[in-house]
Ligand code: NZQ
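The data below hold one chain only, encoded as C-alpha cells and taken in the form predicted alone.
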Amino acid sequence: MLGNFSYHNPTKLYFGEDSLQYLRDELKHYGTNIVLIYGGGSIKKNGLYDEIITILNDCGKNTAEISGVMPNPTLEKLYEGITIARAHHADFILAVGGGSVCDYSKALSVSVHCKDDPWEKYYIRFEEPDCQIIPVGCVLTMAGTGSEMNGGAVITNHEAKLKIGHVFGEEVMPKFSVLNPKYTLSLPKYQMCAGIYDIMNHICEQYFSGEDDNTSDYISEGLMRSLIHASRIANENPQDYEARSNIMWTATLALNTLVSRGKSTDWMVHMLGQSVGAYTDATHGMTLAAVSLPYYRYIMPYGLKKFVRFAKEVWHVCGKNKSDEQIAEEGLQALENWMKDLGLVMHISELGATPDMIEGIADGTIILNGGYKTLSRDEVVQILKESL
C-alpha cells in the first residue's frame, strides 16, 4: 500500500542556456546586502563570476564574498562564514558552484542568527531552526547532489572525524536555482563521473526500500535508465550538451524529494560513504561508489524481490531459467560493469582508507532503519572491510 505523504517543493528552477538572465528578476525580491559564496575560483576562470558581479552591481546590491568553499565543507569554514554574514547584515545568500557550495550556503542560512552552536544544534541534536533563516538562491555549476532543490546540508567536522548531513525542511530549500548545463562542461571528467554516481545512488537509496509496487518506483526506474544512457554518451564525449543536460535534470529530479514519496528510504550507503569521507576527505561520489556493492550484496537477500526487479527493469536482465538470486546478482554485476566503465573508484583503499581506520569509520557511521536490513555495528565493520 502506498503510504500517506505530503509533497511541496518551493524551489523555482530556471533551466537552459539562457537561464542566468532570470537572476535579475529574482534578486528584486530580496534585500540589498548579498553574500556571494563560491568555491576554488573556477567561476573566475570561465567568466561566470564577472557575469554575476555585473548583475549584482546592476541590481544595486551590496556584496560580500565567501570564497574557497571546499568539496567537503568544514565546520571551520561555516564558522568563518557566520562571522562574515553577520558583519554584512546579510539579507540574501547567493551560492554559485556545485553541491558543496549549495550545501554550505544552506547550513550558513540557518546558522547566522542561531543562538546555539550550529554543529551541536543541527548536526548532533538534529534540531530544526527556530531563528531567522536567510534565503538562499543557487547558480549551479556541477550536477550530482540535487542540493539545488532540496534542504540537505552536509558539513564535515575534521576534529571529531565526522561528516554529517542534516535535511532541513522546505523553509531552507533554495528559493530559486539557475541550471545551465554549459556551466558543467568545464568540470574534470573525474568530477563529472563522481557526480553521475552520486545521482545514481540517490535514486537507489530511495528505490531499495519498502516492498510496494508504487509510482515512485516506476519514476525511479525511468530516471535510472535515462541516467545510464546519458552517462555512456557523456563518458565518451563530455562536451555533449544533450547528454549533460539530461544528467543535470536527472540529478535534480533524483533528490528533490519527489521519488521518496511513499517510501521509507534507506540512505545507508550515504552513511557509510560520508564516514569514509570524514577520514579521507575524498570526493563524495567516489566514497559512495566504493561502498555500494559490498552493501547491496549484503542486503540483497533481505530485499530480493526489489533487486530482481532492479535487474530486469533497469538493466534488462533476462530471467528465463534463472533463480531470483541469479537474476538479482546479474543486476548488481551489470551495475558494477557500468561503474567500472565510468572509471569509478571501487575500493575505499583507493581513497586513502587503511585497515586501521575501519573501527573509527564504523564508529562514525550513523545506522538508519529505513532499508531492508538494520545493520549492527559488526555488520558495518564487515561491509567496510569488504570495501577495502
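Start at 1 with the first residue shown and count on from there. All values derive from a computational prediction rather than experimental measurement.
Omitted here: the form predicted together with 5,6-dihydroxy-NADP (NZQ). The next part is about that form.
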query: 4.5 Å heavy atom contact, residue 121 to 5,6-dihydroxy-NADP (NZQ) in the predicted complex; finding: no
query: 4.5 angstroms heavy atom contact with 5,6-dihydroxy-NADP (NZQ) in the predicted complex for residue 72; finding: yes
query: Residue 135, heavy atom within 4.5 angstroms of 5,6-dihydroxy-NADP (NZQ) in the predicted complex; finding: no
query: In the predicted complex, residue 41 touching 5,6-dihydroxy-NADP (NZQ) (heavy atom, 4.5 Å); finding: yes
query: Among the candidates 100, 280, 257, 250, the residue which, in the predicted complex, approaches 5,6-dihydroxy-NADP (NZQ) to within 4.5 Å (heavy atoms); finding: 100
query: Contacting member of 226, 186, 214, 264, with respect to 5,6-dihydroxy-NADP (NZQ) in the predicted complex [4.5 Å, heavy atom]; finding: 186
query: Candidate stretches 218 to 226, 78 to 86, 304 to 312, 149 to 157, one within 4.5 Å of 5,6-dihydroxy-NADP (NZQ) in the predicted complex by heavy atom; finding: 149 to 157
query: Stretch 190 to 220: residues contacting 5,6-dihydroxy-NADP (NZQ) in the predicted complex, 4.5 Å heavy atom cut-off; finding: 191, 198, 202
